[in-house]
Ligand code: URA
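Just the one chain here, the form predicted on its own, laid out as structure tokens.
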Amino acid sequence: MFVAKLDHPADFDGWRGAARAALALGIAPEDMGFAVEGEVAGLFAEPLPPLPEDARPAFVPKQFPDLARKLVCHADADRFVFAYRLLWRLQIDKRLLEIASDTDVVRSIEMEKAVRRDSHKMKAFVRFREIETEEGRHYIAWFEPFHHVVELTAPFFARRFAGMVWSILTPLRSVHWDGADLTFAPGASQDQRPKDDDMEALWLTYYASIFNPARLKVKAMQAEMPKKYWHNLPEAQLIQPLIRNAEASAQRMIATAPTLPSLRHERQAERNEMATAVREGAFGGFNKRPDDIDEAREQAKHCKACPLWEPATQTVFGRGPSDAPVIFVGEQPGDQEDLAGEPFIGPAGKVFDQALTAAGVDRTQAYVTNAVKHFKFVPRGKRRIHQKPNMGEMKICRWWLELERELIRPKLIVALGATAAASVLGKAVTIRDTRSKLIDLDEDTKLLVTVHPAYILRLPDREAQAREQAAFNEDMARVREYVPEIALAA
């Protein structure tokens, strides 16, 4: 029997080195053992020889190192030999880990899951207490894991609390962070547990105040927060009283709840507000209906009829000749359009221009606009992510689109996408049912519905993009056929 010495109970690097040497020497799992520093090896145990210089590298699938790292963190006394047995068997059957019915594979999955769960509980239930030392503030926590997860989980705390000096004490292993490096030490005893600090009372007050008795599910709570951890959580002293009084608290919440207006009432109030906005000139603060498209564009700069104006940079009104035979209608301006004040100049605009060129359409002879004139977005870091306008915002801005249509009097309107089609028609339609058809709007104007160019950009593969781009080009060719006066000059 050969025995490899390991430095601590979760010494993955030591295990990996010993496993490579044992594998190169052809030592079978039943002849291999591991002993953590301080443990006594068997009477007939022999030290493991070093790795031969001419040893060939062992085969391991890419998921095995991470699996083995978690296996050696398990509390099972046989974990090191078990992990080595898996490695040994992988040299014979390279697809072993894909065999879901194999006993060793099943056991490895259960062990890995248990370690991952214990690591998650450590992240969730560690509570630091502040103490004053000669060097300054020091935060100490006590935790009792099931498995040897301290080495595995400590980097998470180093990233999360990088600016603090802290220590986490457990009966199995302890770790210290000085602001730059992690240092590991043997386990601690319960008498080294930190005492309550000045923030304890504030934390308990906060915890009690956010408790919602109407959403209490005791079994679900205990599944996520097993009772094993309660005695180390300061808020645990409140759990039983809060559970006991939950029903009475829920009844008090119901009895004192404010009376809210019905959803029907709120919708009617919204419609009335929209009608008032149109009637009283909220669209730019004007009292006179504009006589031409340039006057409409100037007045639209001051539109505050819906909340979208406030975060947007500016109103992005339509561009093109005042007597254009075709109006192209998109959904709303994007990030680049919002900054420049011009419609369809971003990535979707480039797809649009390419399709017009391929179809022989002169964009300068067409009027290009959007159903909604302000950029609706959600901030995400330094980026502004497009957000689809809702029906209320579309209805408010439809006034401007109707005005553009009335002043320009086009022969054809092309709706780019379902939002644009709904805004032109005043009702929701599907692209599938309406695409590429000429729909009568009135005696002088027809509607053609197609996809929005951004849809093509969002497709997951190039084959689908090429297919949709070709279909979009065909729709632009139909535009030129119906309105030949916008064809590019020969």
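Note that residue numbering follows the sequence shown and begins at 1. For clarity, every value in this text was computed on a predicted model and none was experimentally measured.
The same protein also has a form predicted in complex with the named molecule, omitted here; what follows describes it.
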Pick from 169 to 177, 337 to 345, 390 to 398, 91 to 99: which stretch has non-hydrogen atoms within 4.5 Å of the named molecule in the predicted complex? 337 to 345
Please tell me whether any heavy atom belonging to residue 404 falls inside 4.5 Å of a heavy atom of the named molecule, as the geometry stands in the predicted complex. no
Does at least one non-hydrogen atom of residue 315 fall within 4.5 angstroms of the named molecule in the predicted complex? no
Even though the named molecule is not shown here, does residue 70 get within 4.5 Å of it in the predicted complex, heavy atoms only? no
Using heavy atoms and a 4.5 Å limit, would one call residue 108 a contact residue for the named molecule in the predicted complex? no
Contacts with the named molecule in the predicted complex, stretch 45 to 60 (heavy atom within 4.5 Å): none
